[in-house]
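Only one chain is shown below, in structure tokens, and it's the form predicted on its own.
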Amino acid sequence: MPETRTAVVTGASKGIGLAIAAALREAGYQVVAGARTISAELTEVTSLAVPVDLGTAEGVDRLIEAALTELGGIDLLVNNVAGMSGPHVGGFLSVTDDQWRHTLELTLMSAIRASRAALPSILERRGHIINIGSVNARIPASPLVDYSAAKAALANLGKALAEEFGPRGIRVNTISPGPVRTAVWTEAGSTGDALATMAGVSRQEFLEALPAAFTMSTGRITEPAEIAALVVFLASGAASNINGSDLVIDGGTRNEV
């Protein structure tokens, strides 16, 4: 492996993706980050931020091509970007084809395309792919039916790639968070805001009630830096026999919720 390791992070402008990019940079990686909009915070983490629409094949190809050109090769791919068209108040029957396409393109197809494009270099370097999944893959929710299905498919994809390419020296793992303190839950107009409205409470009240609603034994939701720390640990090879795993970080949420 080269002295300076290289990484590509998708959906890195804020939240979990930004935290991952920052943690990898701190760990000594050169990081190419892709996002539709390049935030000021991301430009402080890396000068190699590429504005791309990762919901399209062209956008993903442009990101991986930029990474290969700038870095000379890819040791680590973090498939973090995801799309969410909900929450859907009317459940499954209210989700349109366009909404399904939006969620699947960003959440699943982006990972398929990025992995396919990056794999030759990752195989050459005996590197690692990490997918950022969700506990909704195991605990589907009707207002998030498309997102839950896409994340379940992503976890399955990770296991399939681990089985196929593990014998060739690379590892593929999934990290599945529960609620994480990001704009998805905290900002006006967010999914959390919409769910709070559905529940008849304020966004802040909804956020404060999440640990109890999800029966989190720790009593709190996860911070983005905790997801990033797990990415850095997995990528470090400190436990290099972890392959094809789906590591849950959800504060001890009971599976039946």
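All values reported here derive from a predicted model rather than from experimental measurement. One-based numbering along the sequence shown.
One more form of this protein, predicted in complex with a small molecule, exists but is not displayed; see below.
Only one of Ile139, Leu123, Val184, Ala152 comes within 4.5 Å of the small molecule in the model of the complex through a heavy atom, and that residue is Val184. Only one of Glu41, Asp61, Glu226, Asp53 lies close to the small molecule in the model of the complex, with a heavy atom inside 4.5 Å, and it is Asp53. The candidate spot formed by Lys14, Thr37 and Pro177 lies fully in contact with the small molecule in the model of the complex, as each residue has a heavy atom within 4.5 Å of it. With a 4.5 Å cutoff on heavy atoms, Ala111 does not count as touching the small molecule in the model of the complex; it lies far away.
Looking at Leu144, you'd find every heavy atom of it more than 4.5 angstroms from the small molecule in the model of the complex. In the model of the complex, the small molecule sits within 4.5 Å of a heavy atom of Leu106. Among residues of the shown chain, Ile74 is not one whose heavy atoms approach the small molecule to within 4.5 Å in the model of the complex. In short, of 79 to 87, 112 to 120, 92 to 100, 163 to 171 it is 79 to 87 that has heavy atoms within 4.5 Å of the small molecule in the model of the complex.
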